[in-house]
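Okay, here we've got a single chain as structure tokens, the form predicted alone, with questions on binding and movement later.
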């Protein structure tokens, strides 16, 4: 290209009919074109170099991205496996926590069942004696005495039936607690549920530690009524809170403070469209620095071997699943109250 421009320049310079000014103007224009072409040629060459470099970098980037994609896929697969393992471990821990609470119930259940069974056995013995007397009176033809004995037998049988049903309800409650939750909600008498687990927790702890004792207060709202909940799950929450309350008052009692008497209070109340269940103790209370952590999984203030740190976390999740709230108020050195609030209209 530069040679052709030079030829044109030479040609113009040889033209005699052109004036010197015209020649200078043409030569100047051609030199400008020459300069522009040289710049364009330089830029084109540089662009080609950039294109080649970019192509190389792009190819390297594609290879690097492919390696990263494979690494991400491998990481995702590893994470998926880890997640499955964590889910399995979580399920196992939940089952362990449930069985631990079931173990705490065992002695209490045995005590509760023994009471109605004693009544059944005693009334059965008395009834057998009455039937023997009735047979004798029948032989004597003493109709009025037979009727009187028959009424006593009827009353005894009603009592046997009542206490037999009571034992059956306790066994049913135990089975509900031990089996995997069906997830089926049913109308449940919250007062009866709280009272049952209070007794079972108390007798269970007494069976393990004969020295343990505490004053139990109950304040059940007669208007609490029934709420649509999964009874074995809410029962597990109540059991956990009561067991924790017994633990903390027992620990404070071990300090042998003068005038200290352990007290645990369980109360219910209907507030607008909610049912509240409160478990209050006069134990050591919870320090403020750990109060925000108590619902975290595996967090526990108990010594090693005395708790998994899952009880309150699972209780929190259960109450949340019912559309409710689990909250706590505590003054260190004064005591703690846990409040379970469950909406009555939650489906």
Partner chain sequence: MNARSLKGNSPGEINIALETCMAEGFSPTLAVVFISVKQDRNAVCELLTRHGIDVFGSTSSGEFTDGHESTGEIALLLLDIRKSNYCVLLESFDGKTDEEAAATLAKKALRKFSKPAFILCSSFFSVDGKVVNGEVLVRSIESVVGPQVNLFGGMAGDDLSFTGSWVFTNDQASDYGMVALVLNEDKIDLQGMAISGWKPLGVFMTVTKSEKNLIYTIDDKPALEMYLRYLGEERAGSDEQFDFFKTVGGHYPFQIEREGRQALMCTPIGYDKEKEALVCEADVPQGSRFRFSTPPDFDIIETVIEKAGELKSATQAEAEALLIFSCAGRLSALGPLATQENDGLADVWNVPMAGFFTYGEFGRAVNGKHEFHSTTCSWVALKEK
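Residue numbers count along the first chain shown, from 1. Take the two forms, superpose them, and find the largest set of C-alpha atoms that agree within 1.5 Å; that set is the rigid core. From a predicted model like this one, the values you see are computed outputs, not experimental measurements.
Keep in mind that the form predicted in complex with its partner chain is missing from the display, and what follows is about it.
- At a distance of at most 4.5 angstroms from its partner chain in the predicted bound form, all three residues 38, 53 and 56 contribute at least one non-hydrogen atom.
- The partner is absent here, but in the predicted bound form a heavy atom of 49, alone among 49, 28, 70, 293, sits within 4.5 Å of its partner chain.
- In the predicted bound form, its partner chain lies farther than 4.5 Å from every heavy atom of residue 33.
- Proximity of residue 43 to its partner chain in the predicted bound form: non-hydrogen atoms within 4.5 Å are present.
- Its partner chain is not drawn, but in the predicted bound form it has a heavy atom within 4.5 Å of residue 65.
- Along 213 to 238, no residue reaches a heavy atom to within 4.5 Å of its partner chain in the predicted bound form.
- With the core held fixed, residue 57 shows a CA shift of 2 Å or greater between this form and the one not shown.
- After superposition on the rigid core, the Cα of residue 271 moves by less than 2 Å between this form and the one not shown.
- In the core-superposed comparison between this form and the one not shown, residue 290 has its Cα shifted by less than 2 Å.
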